[in-house]
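Given as structure tokens, the chain that follows is alone and in the form predicted alone.
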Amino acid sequence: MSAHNDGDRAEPESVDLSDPKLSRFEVYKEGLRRDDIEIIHYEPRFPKPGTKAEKRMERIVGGFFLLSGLFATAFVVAYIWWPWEYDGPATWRDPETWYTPVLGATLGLSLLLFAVGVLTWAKKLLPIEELVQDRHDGGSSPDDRRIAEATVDGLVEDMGLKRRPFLVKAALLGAAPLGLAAVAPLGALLKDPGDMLTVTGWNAERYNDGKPIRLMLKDGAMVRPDMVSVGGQITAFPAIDHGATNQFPTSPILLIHLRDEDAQILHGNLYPMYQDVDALWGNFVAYSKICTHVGCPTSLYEQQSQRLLCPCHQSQFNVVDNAAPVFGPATRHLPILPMTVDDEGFFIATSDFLVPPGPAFWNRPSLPEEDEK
């Protein structure tokens, strides 16, 4: 660290900033001097404005912005019109398989190209400038504010916004679709969900002509009691068309075969609404698999502690107490699917869930257990 000897050099005379004859750069230099800033190097990229080389670089930067806008437009078009609903198993040849990759690629390329355009503008068109400043404290005087204004004006002039209208227009054309890409996903919130949040694939009246709906595995096999060992659990879906697909995202259940002592505890703890419909069948209970926090799958079953765990945010539910939350951010119990066994020995749902499964929503009906406790 070096020391400055004020006697070794004379202080430059202060410049009167009210002098109208001062140029923007002179005001800028005076501001640097007052802030103890030394210009080590300052050199315009193109000393002579309007050369072919400068115009060529403008076209390159403008091309980045326009391509960014093109990919952002492609993102919006794909988001709105690209097929995304699965109709059974899909392969890489099916367009719905590419919905998410197309969205990611178009938005990613748009952001990348816009960033490259900004960086190229800074690296290839702005002046080469190296400054050194000593840090010091102090308030902002009127002169300091005048200098700051000149500095900002200087930056605008160095960027050449006034004499490079093509770049300004290209940047705006590239940024406008990017803004639209940010707003477009909000359009999905405009659709009226109807009763999709309260009615699931277990609703027999709507999806099975009023006939009880069986439980099935993902491969389509119907579920029988002997398929679940004591202390074990399986994931089941409604045995309807597309019942195991994302068309019915709130329908998956976790069918658990409780041990005798655990089943007795659960029978004693059942909410009255589940007792009224005889929701359990023997030692079997079917809980919604959709976490009531943000909708992750609660698929981790601890047989010894009788807890269901959600791996996303570590919510835990007590299996022998209506799957009431005992740890983590979830605040509502996992709904029980009332069920029994039909004449052929297969599990069937006797009704839809008595309360809406999954996370809470704006106009969610009040839950019976909230009044029963």
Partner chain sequence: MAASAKRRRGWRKRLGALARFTGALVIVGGLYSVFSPGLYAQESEAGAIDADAVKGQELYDTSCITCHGDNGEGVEGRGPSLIGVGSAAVEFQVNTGRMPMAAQGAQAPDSDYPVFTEEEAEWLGAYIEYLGGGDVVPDDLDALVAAGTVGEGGELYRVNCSSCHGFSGGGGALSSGAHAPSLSGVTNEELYQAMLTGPQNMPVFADNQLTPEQKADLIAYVQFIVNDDRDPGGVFNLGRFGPSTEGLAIFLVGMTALLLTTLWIAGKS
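The term rigid core refers to the maximal set of C-alpha atoms that superpose within 1.5 Å between the two forms. All figures in this text were calculated on a predicted structure; none of them were measured in a lab. Positions refer to the first chain, counted from 1.
As for the form predicted together with its partner chain, it is not shown, yet the points below apply to it.
Checking 172, 148, 277, 119 against its partner chain in the predicted bound form, a heavy atom within 4.5 Å turns up for just one residue: 119. Residues of just one listed stretch (173-181, 262-270, 213-221, 278-286) have heavy atoms within 4.5 Å of its partner chain in the predicted bound form: 213-221. Contact check for residue 205: every heavy atom lies farther than 4.5 Å from its partner chain in the predicted bound form. Residue contact check for residue 123: one or more of its heavy atoms lie within 4.5 Å of its partner chain in the predicted bound form. Though the partner is left out of this view, residue 60 does not reach within 4.5 Å of its partner chain in the predicted bound form, counting heavy atoms only. Its partner chain is not drawn, but in the predicted bound form it has a heavy atom within 4.5 Å of residue 230. Looking at 282-311, the residues that come within 4.5 Å of its partner chain in the predicted bound form, counting any heavy atom, are 289, 299, 300, 301, 302, 303, 304, 305, 307, 309, 311. Comparing the forms between this form and the one not shown, the C-alpha position of residue 61 differs by 2 angstroms or more, with the core used for superposition. Residue 248 shows a C-alpha shift below 2 Å between this form and the one not shown [criterion: core-superposed Cα displacement of 2 Å]. After superposition on the rigid core, the Cα atom of residue 274 is displaced by less than 2 Å between this form and the one not shown.
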